Structures are given as C-alpha cells and as structure tokens.
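This document opens with one chain alone, in structure tokens, the form predicted on its own.
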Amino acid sequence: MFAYLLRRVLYAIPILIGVNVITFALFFVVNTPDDMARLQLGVKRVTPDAIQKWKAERGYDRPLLWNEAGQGAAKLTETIFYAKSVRMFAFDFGRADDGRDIAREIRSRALPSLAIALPVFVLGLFSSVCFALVLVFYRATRLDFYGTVLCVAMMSVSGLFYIIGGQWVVAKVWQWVPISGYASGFDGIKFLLLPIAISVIGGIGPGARWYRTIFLDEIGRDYVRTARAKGLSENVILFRHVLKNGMVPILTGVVVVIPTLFMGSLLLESFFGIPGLGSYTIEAIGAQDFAVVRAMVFIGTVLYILGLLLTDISYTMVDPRVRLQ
C-alpha cells in the first residue's frame, strides 16, 4: 500500500508544476505586465513612465525567465518566473496590489471559509446519502418516484434562487437570522446558520439523485443476489453491503468538494458578506489584483491534489483490492 501511495504522490508533482507553469504563461506571456499596468492605471493615466513605475513597484520590471545582467544564481532568481511562480512552492505569495500580505490574508480568511464549508460538506453528504438510501429501499414505489421528481426539480433550480429566497423569507420576513455579516466566536453562529442550511438544501437534489443511481447499480450485482439467497434481510444488504461498496464511486465525487473546504463558496460568501477566501477571490477579480488571483489558483491546485491523495487513501480502506497494487 505504501508503494501505491508513493506512486500517487510522485504523479501529483508534475501536475502541480504543470499547472504552475501554465498559470505563469497565462499571466505573464499571454497577458504581459504592460497589459496589467494599463488595466490598473486606466486610460487617462497610461504613460510609459507610469507603466514602468507600476511594474517596478510590483517587481514586474525584471526579465521573464533569464536575467543576463545577473551574476551566478541571480540569472535565475532575479526573474519574474522565480519571484512570482517558483516561490509559490514555498507558499511565499508576496503582496497584493494594495500592499497587504497575501499569505496573512489567506490565513485570516481560511477559518470563516471552513466554518461554512465543513458543516456543509458533512451535513450535505450525510443528508444526500440518507435520502438516496431511503429512495433505494422503497424503489419502484410512489415514494421513490416522487422523491426522484423532487431531486430533479431541486437540480433545475439555480443556486441564486435558494440564496435570495432564503435571505428574503428567513432573514427579512421571519427575521430569524441576520441577512448578512460575520462575527468571530460563538457570536458568528447566527450568521452561519442560514448559508449552511441553504447550501445543504441546495445540494440534496443532485447529490441524492447521483447516490441513488450508484446504489441501484450495486443492488443489481451478483453479491446482492447471493446475500438474498443466504437469507439476509434487505436492511442488512442495503446498509452493510451496498453502502460499503457504493462508497468507492462516492469518494471519487467527494474529492471535487475538498478544495471548497478551504477556498470557500464564491456565491455564499459574497451574498452573505462573509470574509472568507471565496469573497477574497471575487474581490481580487473585481479589482484586477493579479497577484491574489495567481495565489488562489495555486492554492486551489494544491488542495485538489491533496484531495486526490486523500481519495486514494480512502480507497485502500473501502476497497481491499487497492491494497494489493
């Protein structure tokens, strides 16, 4: 099993490097530092001197890949690629265009994002799997039919409808919780209840329908028929055998959610005024702060790769065949 996991780690390294190189090319080759300066300065203030000053303040006046004027290792280190791309592997993201330290901002905003994303992840997965198991247990009945219709209907509704509708009904009409805002400690619970509930309810439709398909596929396999022939009850078959074997494809889909545990939800945090990483990314895009956007792309890649590794580890727990590879 150790060799299997080691191979997965070695596979992840070229992926991270490749994404980092592609991101660098998009930001500094396709979109040059001169283009960034023009976007930031605006049409009226664009002069050659202003562009050069803007680039010098942010370290964009260096050569891209090779510094002929440098001595020794400085030929590589005194470049934009080293300063803005290579140093990201040490989680040195530099400063945003407004002067704030990006790494410090990420650390301070990670907790609010986790405060939403972690309960949404756990409660959403639990509720969707339970609802799917109920539909499978009562398969080919009216409950299964209307439950599937409800899932399709919930899938067809935009996430903005849940957010705006929830804010209007629960926060404005009923006044159970604040419409938006955030506070640290236990005072922040009242600000988190509504976005967590909206996100969980909005995810039940697609999640339960997908898990139902997985469980129905498992129900038709030979080992289920063998278990029935041995006299096992439907409850034991469904919850002990089908659920366990259905966890393998479920874990594959769960990995997509792992980065959002830290990156936060862009829409939720923006609409509810939560100072997380999601709203930080939206603000950086709106302000055309390319340093922050690059950092968030890199962190998202790292988290996705970690999610893949966690999925491989989970495979070894639920599928004994993986341990033999």
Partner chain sequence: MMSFKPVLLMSDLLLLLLIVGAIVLVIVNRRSEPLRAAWQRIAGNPVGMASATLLSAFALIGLLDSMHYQPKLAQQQGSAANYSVEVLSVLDRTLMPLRTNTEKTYSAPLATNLFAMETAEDGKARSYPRLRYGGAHLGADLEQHAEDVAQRGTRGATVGLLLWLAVLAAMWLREKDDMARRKALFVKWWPVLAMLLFVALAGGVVGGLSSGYHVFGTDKVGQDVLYLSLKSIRTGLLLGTLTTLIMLPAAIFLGILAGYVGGWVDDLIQYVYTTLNSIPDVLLIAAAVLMMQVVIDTHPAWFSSSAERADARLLALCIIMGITSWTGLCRLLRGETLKLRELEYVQAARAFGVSRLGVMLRHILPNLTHIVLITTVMDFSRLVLAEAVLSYVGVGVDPSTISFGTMIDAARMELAREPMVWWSLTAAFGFMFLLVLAANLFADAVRDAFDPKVS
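Numbering follows the first chain given and starts at 1. Predicted model only: the values in this text are computed from it and were never measured.
The protein also exists as the form predicted together with the partner chain; that form is not presented, and the subsequent description refers to it.
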query: Using 4.5 Å between non-hydrogen atoms, is I15 touching the partner chain in the model of the complex?
result: yes
message: Contact with the partner chain in the model of the complex for G59, defined as at least one heavy atom pair within 4.5 Å: yes or no?
response: no
message: My question is simply whether I22 lines the interface with the partner chain in the model of the complex - judged by any non-hydrogen atom within 4.5 Å.
response: yes
message: Can you tell me if N31 lies within 4.5 angstroms of the partner chain in the model of the complex, counting non-hydrogen atoms only?
response: yes
- request: Would you mind picking the one in R221, K172, K190, R100 that has a heavy atom within 4.5 Å of the partner chain in the model of the complex?
  value: K172
- prompt: So which of V46, L64, V257, V297 reaches within 4.5 angstroms of the partner chain in the model of the complex, heavy atom to heavy atom?
  reply: V297
field: Which of 156-164, 191-199, 128-136, 246-254 sits within 4.5 Å of the partner chain in the model of the complex, heavy atom basis
entry: 156-164
query: Does each of Y11, V152 and T281 have at least one heavy atom within 4.5 Å of the partner chain in the model of the complex?
result: yes
Interface residues of 181-212 toward the partner chain, as seen in the model of the complex [heavy atoms, 4.5 Å]: R209
